[in-house]
Structure formats: C-alpha cells, structure tokens
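Take a look at this one chain, the form predicted on its own, written out in structure tokens.
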C-alpha cells in the first residue's frame, strides 16, 4: 500500500542545511495500525507529512496506493489526498466559522446527500461524546473537545489511510481510550490503515507495529505477534 525507497529530507534555512530523514526504506500494508515513535527531532512528523503528501522528499521514491506522489501536480495531489487520506493534527485545523457538526460534515459535502451525512455525523458525535456540543463553534470548545472534533472529521469519510500526529495529546485518558477503540475498529472492519506519530503508551500498546526513528533513520521495526 505504501512504499518508501531511499527517502531523504532536509530543511534549509539560508545556507544552513539540516538533515531530518536519511535513506528511509519502509513498506506499509493495508490495514496496519502503525506507530512511529522516537525522541523529539527524530523525524516522526516529517515522515508522516511525506507519506501524507503534505511535504516532498528531497530524494528517493515514495509510492502510495500505486501512485508516486512526486509525479503529481499540486492540484492532483490535493485531489488524491481528499479522496484517500484523513489527517489528525495537533493544531486541530478546525474552521472557526463552522459549528462542530459543520466541521465534521465538511469533507462529506460532495460525497453524501444531506440525510446520510446527518446520520453519519451524528453517530460519530455520539461516539466521541460531543452530540450535545454539535451547534457550538471551535472557540467555544476546550482543547480536548477540539481534538475529538478533529478526529471525527478525519474518520467521517472512511479514508483508506489516516495520518495522526499525537492524536491523544489533548484528550483525557477515558476519551483517548474511546477514540482509539473507534480507530482500532475501523482498522479491523474497514481495513483502514492508521499511521501515528506519537509518544503515547496507549497507542503503542494498541499498535500492531512500531517503527522507531533515531537521528533521522529507522532504528528498529517491530511487528507484534497477533
């Protein structure tokens, strides 16, 4: 489903070049629940952004769903992401002018009719314990509530791949468990692939594979016995 071959990435500030990832080789199969872990600065978020098409590698080949991302135009890449990917960001990226319900339903605008959209969104709102908050706006929510909305928005389109950068960082333990169970169920029943960048032991405990980065390289790749 996802193949990286000799992928490298560095960031440039003036004449200063800072290597972030070096010669990453990695294959990810459909339906994996994978955690990318490692110390701060090890390249976790950068790797997530490269696979998700939010950033571009300096060298190497990155193929997702039989498509080499570097060969897509900006417009083609945007369409490709919207059709196949779901993203959960630490910064939430909610639309401030839309209600909770509208933020979650926004990705479904061109996919489902109003009746089916309403049903699907309301079921997700119940799962994340936000049904009573559906008419509120983002600036009326706590950090944990915003994170739950961001999770629901990523999952509502039933994407093939979900990229999650510290998705439980703003959640209490009980809510984090509920959200992770929802993700795990999607992984099992829909064969959705989940790729996390995380420090959270709860995610690592649930993951069926843990890739550890150190100094921009893969230090270990552990598959758990099922």
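Quick caveat, the model's predicted, so the values are computed rather than measured. Positions refer to the first chain, counted from 1.
Keep in mind that the form predicted together with a small molecule is not shown, yet the notes after this line are about it.
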Exercise. Mark residue 201 yes when one of its heavy atoms lies within 4.5 Å of a heavy atom of the small molecule in the predicted bound form, and no otherwise.
Key: no
- Query: in the predicted bound form, does residue 175 have a heavy atom within 4.5 Å of the small molecule?
  - Reply: no
query: At the 4.5 Å heavy atom threshold, is residue 67 in contact with the small molecule in the predicted bound form?
result: no
### Query
So in the predicted bound form, does any heavy atom of residue 45 sit within 4.5 Å of the small molecule?
yes
Among 20, 210, 206, 218, just one has a heavy atom within 4.5 Å of the small molecule in the predicted bound form, namely 20
With a 4.5 Å heavy atom cut-off to the small molecule in the predicted bound form, the contacting stretch among 182-190, 155-163, 57-65, 37-45 is 37-45
